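Quick setup: the structure tokens below cover two forms of a single protein chain, split into structure 1 and structure 2.
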Structure 1
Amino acid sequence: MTTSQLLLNGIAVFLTFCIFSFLYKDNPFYKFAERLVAGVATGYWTVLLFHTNFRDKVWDTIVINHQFIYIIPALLGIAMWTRFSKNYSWISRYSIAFYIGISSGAGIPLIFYAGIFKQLQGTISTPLAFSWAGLNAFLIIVAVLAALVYFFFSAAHKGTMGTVSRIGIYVVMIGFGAGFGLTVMGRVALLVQRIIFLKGYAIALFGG
């Protein structure tokens, strides 16, 4: 490890300990690292969006490629700044209207396609058969329907509806449990990775 790498990794080690110090209690070291990451992250995203979005979609499009139609959304974007004024903040509603209108209109078919039709297709695409895969396919259909019934609030969950919705909540709880377990293991993997990083730095510094 070169001296500059040692120095840079030293900063990373210091910041890692600053964050871990929160396990004891909230303290100035943690606050320092927390604010530093907020500032650096804001700066990082600002720079990234400036180069990838502003330069590509605004500056290059209007100034270099002379696609002057893009002046309209640019003006709409600038109109968002009227939010700072009490008297003229209503102008920003025009920008929001374009933003929301385009996003909603273009979004509906995509939501239906990805959120509903593809999910339904995935649920019923495996053929039912007297095999392990066929049984699983049948269970998936039953479990999806039961979970959907649980989320259907336009009818009282009584009788058959109540029984099916009860199965539905069991399915949902298994889903939440699996999600929780995977999340915890993901976090533990990150923790192990941080400890390995600290160990690697200690070995580089003091020799192993």
Structure 2
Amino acid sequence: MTTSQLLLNGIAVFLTFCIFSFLYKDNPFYKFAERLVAGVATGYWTVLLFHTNFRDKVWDTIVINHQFIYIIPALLGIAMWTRFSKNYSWISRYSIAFYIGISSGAGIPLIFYAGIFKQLQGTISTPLAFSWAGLNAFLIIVAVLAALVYFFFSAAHKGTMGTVSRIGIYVVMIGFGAGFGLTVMGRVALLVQRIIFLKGYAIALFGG
């Protein structure tokens, strides 16, 4: 490992320990690393959005390709910055209204397609049969219906309705537990990778 690599990795190690210091208590080292990450991320995304969005989709489109219709969305984007002015912040409401309207029109069909139609297709795509795949498909259908019954509040959860809704509670709890477990394992994997990085730096620095 070269000297420059050792220096850069040493900075990474120092910032790693600054973040880990929060496990003891909130301190200036953690605040420094936290603000550094926020500042670097903001600067990085600002430059990235300038080169991948503003220059290609606004500047080149209007100035070079002479598609002046794009002046309208450019002005709406500039109007968003009036949010920082007390006297002219009302102008940004027009941009926000356009943004919410267009996002809703484009997003609602996608949400219905991905969140409802594709979910229904995935629920009933496997045919019921006397096999492990058929049993799995049957359990999925029962679990989905039970969860839907649990969230059906137009009728009292008594008798058969109450029994099915209780099964729905277990289904929801299993789903939340699986999601939480996946999140925890993902964070543990990040921690393991960071420990491996620290171990590799120590070996490169002191030998092993």
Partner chain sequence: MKREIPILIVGITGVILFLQYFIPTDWSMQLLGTSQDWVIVIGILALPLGIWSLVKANIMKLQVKGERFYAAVLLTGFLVMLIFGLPHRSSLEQGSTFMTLFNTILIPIQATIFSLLAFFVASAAYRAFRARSVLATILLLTAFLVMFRWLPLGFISTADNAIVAWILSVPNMAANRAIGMGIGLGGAAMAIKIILGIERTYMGHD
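Quick caveat: nothing in here was measured; it's all calculated off a predicted structure. For clarity, a rigid core is taken as the largest C-alpha set superposing within 1.5 Å between two forms. Structure 1's sequence is the ruler for residue numbers, which start at 1.
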- Item | Form selected (criterion: the form predicted together with its partner chain) | 1
- Query: For residue 87, is the CA shift between structure 1 and structure 2 at least 2 Å following rigid-core superposition?
  - Reply: yes
